[in-house]
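Next comes just one chain, in structure tokens: the form predicted alone.
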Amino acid sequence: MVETRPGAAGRVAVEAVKTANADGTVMLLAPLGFMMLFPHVYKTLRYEPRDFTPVSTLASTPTLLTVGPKVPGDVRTLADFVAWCRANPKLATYGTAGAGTTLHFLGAMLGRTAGFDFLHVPYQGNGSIQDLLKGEIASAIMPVGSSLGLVRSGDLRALATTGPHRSPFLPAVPTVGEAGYSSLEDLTWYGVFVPAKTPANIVEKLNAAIQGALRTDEVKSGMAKLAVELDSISMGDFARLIVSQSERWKAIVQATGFVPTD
């Protein structure tokens, strides 16, 4: 049974699982930002990463930088876009799904690294797409799946993805590493968690069941339709990933001068 718990940028769902029975019957499926980024962007959280046990990663997806009609048609690469932004500082804008997200900070990092003022325009969900198409903003930063159809149709231009390798869904689009900005490499990971007191034998059984499901054709085709890549690592590596990425995003948030919110 899938139960959606909206509210507070997803924190309501996380809090609900924290206090659920620790018997393996209630799990949290969420982007890892809840564990590695939120502690650095909110003053007060009603949970901590240690309140959960990581069970398994499921999938990952790179982020995509796209531009719309506000940007001249001869801007086809990330280098072209950086040069255009430097030459047109009042037009250098990017939309994301909200302030305090990894997408927000990736744009801030691009501006800092490339040496230009990149104005962030936050939206709810995928709201930036419509303004991008209308030429209200110059660019948008979003998961690959959010604008894949518009890129393939030619309505939007994809300049770069943030993964360590090219996305199989956009194989002609270079990575930020290829464009000379390897510090911007990033993947949005999705994983499953249970309350911290869940017995180890139950966690291991859940992990085994998830691994089995990920090998089925039904799940593989479903993930492909969402434009995410199946990406499963060991439970130990999963736990270490959360720690290392938490430290990375903490440093990034502090470097941008972002002020945590309630």
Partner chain sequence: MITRRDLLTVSAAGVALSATDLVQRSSAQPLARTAHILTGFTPGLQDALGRLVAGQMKDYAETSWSRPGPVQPVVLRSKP
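What you see is a predicted model, and the numbers here were worked out from it, not measured in a lab. Numbering follows the first chain given and starts at 1.
Omitted here: the form predicted together with the partner chain. The next part is about that form.
Out of the listed residues Leu45, Ala196, Ile233, Leu29, Leu29 is the one that sits within 4.5 Å of the partner chain in the predicted complex by at least one heavy atom. Of the candidate stretches 66-74, 45-53, 233-241, 216-224, only 216-224 contains residues with a heavy atom within 4.5 Å of the partner chain in the predicted complex. Taking the partner from elsewhere, Thr25 is found to have a heavy atom lying within 4.5 Å of the partner chain in the predicted complex. Using a 4.5 angstroms threshold between heavy atoms, Leu37 stays clear of the partner chain in the predicted complex.
Although the partner is absent from this view, Val253 stays clear of the partner chain in the predicted complex, with no non-hydrogen atom inside 4.5 angstroms.
Ile210 belongs to the set of residues with a heavy atom inside 4.5 Å of the partner chain in the predicted complex.
Residues Met1, Val2, Glu3, Thr4, Arg5, Pro6, Gly7, Ala9, Gly10, Ala13, Ala16, Val17, Asp23, Gly24, Thr25, Val26, Met27, Leu28, Leu29, Ala30, Pro31, Phe34 of 1-34 are found to place at least one heavy atom within 4.5 Å of the partner chain in the predicted complex.
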